[in-house]
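This document starts with one chain, in the form predicted alone, laid out as C-alpha cells.
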Amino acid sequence: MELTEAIFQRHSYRGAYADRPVPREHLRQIMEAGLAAPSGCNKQTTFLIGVDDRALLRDLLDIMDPPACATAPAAILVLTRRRIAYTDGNGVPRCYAVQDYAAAIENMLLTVTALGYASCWIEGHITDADEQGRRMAERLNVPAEYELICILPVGVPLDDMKLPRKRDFSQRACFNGWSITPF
C-alpha cells in the first residue's frame, strides 16, 4: 500500500478481530516504524512492548475495563520515560515525551493499515485515574520510571471498515492566514 493511501485509509477500529495470529515479523515491522519517528532533541523517550503471547495478552486485557480490544490477537504497548530535552532561556524545562510517543503511534498506525491490519489508539483506559496502565505495566515488570501511555490492538478486522466522515479541507485548513468559516 502506498503511504498516501495508508494515511487516508487509516482509522480507529473498535470491532472484533479474526482469530488469526499476527506474525512476529509484522509486529516487529510495526514497532520499528514507531521507533523511526522523530524525537524531540533526539531524547528517544518512547519505548514499546509487543505482546503476541495469548495468555499474557488475556491477562493485560482483563485489567482493562471495559475491555476495548478483547479479541485482538496481538497488541503493542507504548511507554514513555519523561526526560527533560533542554531548559529554555527562562529556566523552564522542556520535555517532548508527548510529541515523541504521538509521532511513534501514528507511524505504527499507518504501518498497521499498510499491512492490512486494524488498530485503535487506546489511551484513555490506560492513563485514567483508575491506574489500569500502572497495573498493566506491573504485570509486564516495567520499571517505575516508565509510564504506560497507550495500547494498540493489532489484528485482522472482522467487521467492515467504515471510514469516518471528515470535515471538508476548507473547514480545517487554509493558506497564508486565517480564512476558515466556523461551522
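It should be emphasised that the depicted structure is a prediction, and the values quoted were computed from it without experimental measurement. The first residue of the shown sequence is 1; numbering continues from there.
Another form, the form predicted in complex with a small molecule, is not on view; read the next lines as being about it.
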## Note on the structure
Residue within 4.5 Å of the small molecule in the predicted bound form by heavy atom, from Val142, Ile63, Ile122, Val156, is Ile122
### One residue of Arg24, Arg14, Arg172, Arg20 in contact with the small molecule, assessed in the predicted bound form (non-hydrogen atom, 4.5 angstroms)
Arg14
### Listed range touching the small molecule, judged in the predicted bound form by heavy atoms within 4.5 Å, from 127 to 135, 36 to 44, 114 to 122, 52 to 60
114 to 122
